[in-house]
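Only one chain comes next, encoded as structure tokens, the form predicted on its own.
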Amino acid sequence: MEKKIKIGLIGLGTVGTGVVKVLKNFDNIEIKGVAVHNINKPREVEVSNLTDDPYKLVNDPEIDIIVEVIGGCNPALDIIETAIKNGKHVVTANKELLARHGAYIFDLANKYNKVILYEAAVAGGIPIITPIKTTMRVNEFESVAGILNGTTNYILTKMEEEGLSYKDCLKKAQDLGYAETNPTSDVEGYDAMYKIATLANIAFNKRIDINKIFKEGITKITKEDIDFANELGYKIKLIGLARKTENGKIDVRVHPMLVEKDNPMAKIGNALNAVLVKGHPIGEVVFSGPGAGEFPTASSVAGDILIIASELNKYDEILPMARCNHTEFANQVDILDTENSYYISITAKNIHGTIGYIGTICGKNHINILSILQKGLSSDHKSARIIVITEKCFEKDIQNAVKELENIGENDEKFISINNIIRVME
């Protein structure tokens, strides 16, 4: 009889519950123990071997694989570190841990000849890590871009479809369980930042410093921005982007982008996720599907468990293609040195020469204007909304121009204020 692979499950929240349900269908896997914070809490699944001490599982010599689905870095980092030192392989869905401490734990895993798999950490149920590491390994990747957070994608979709404000759509997302009571990680871009860091790491075989990633969330996006973008042929999405520049540097960032309506990313609505990979020889490939939830995420976690189980006790070194074999940190690009096209929303006083001022200052800062639109006057005719779309230019030039524009005025009375700046996806 085939020996059962024994796992220790750390966490029995939404994802952990899904993992228990999925693994019941596999006779070769035994959940030997489950560690939870509160063993008396009512649960969807019956688990007889609960403990409130994760180290009871991590130190159990019979357990082969530790599955960590509690999130965060404390105590997850110490749990995984101890598990590896105790000779156990690891499956995790912890995007923050990988982004902040991946270099350390992957080096540790290599030292102890153990494997860490993390398909669920980037896009929930979408298989993307394994394809990049295996079947797409022949490619020279140009870029990886993704809608990596379902909460923000849901909010932006509802702002467009229902004409609601950001605040109203956030409340709706919270009521439906898509957004946490404290939504900071999602709406300020932290969640997407952790995920794009991991994608960049594996696509370019370079370690990514998350402290050098430019991050901007969706809290400044207004219903008017959504409407103007739609009129101009775009949708607004929160995009995690990692791309290789001509000089070999890596440009990694997260921020809202105007996405042309014929771009596959523009068609990803509600809480779905998508990852767009460009490379040679494959060209352009899109992976899309549910990026969170009980069963989609559990599917990826359970899949990683089965991959390890299929090779365990058969080879001295299992899954060599799944391991981290690079140690060099990327030379990352500062956002000020990036080139983009821009959408700039301006409120200006209704005085002669305002559009001329805008054109002059843009020209002075090496910015070519692709189009400039006046979107009518306010009800009192004292101000107007102006939308500027630029050609590609440097971020630092845009920032300099914005400062100059906001200083235009007479007798300390300013004529122009900048409502929002949104970069355009290539």
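A residue's number is simply how far along the shown sequence it sits, counting from 1. All of these numbers come straight from a predicted model, not from anything done at the bench.
One more form of this protein exists, namely the form predicted together with L-homoserine (HSE); it is left out here, but the text below deals with it.
The listed set Lys195, Arg253, Lys237, Lys88 contains one residue whose heavy atoms approach L-homoserine (HSE) in the model of the complex to within 4.5 Å, identified as Lys195. When L-homoserine (HSE) is considered in the model of the complex, only one residue from Ala348, Leu319, Ala292, Ala309 comes within 4.5 Å through any heavy atom, namely Ala292.
In the model of the complex, at least one heavy atom of Lys95 sits within 4.5 Å of L-homoserine (HSE). Among heavy atoms of Thr151, some come within 4.5 Å of L-homoserine (HSE) in the model of the complex.
In the model of the complex, at least one heavy atom of Asp186 sits within 4.5 Å of a heavy atom of L-homoserine (HSE). For Asp191, a non-hydrogen atom is located within 4.5 Å of L-homoserine (HSE) in the model of the complex, even though that partner is not displayed. In short, of 157-165, 143-151, 330-338, 126-134 it is 143-151 that has heavy atoms within 4.5 Å of L-homoserine (HSE) in the model of the complex.
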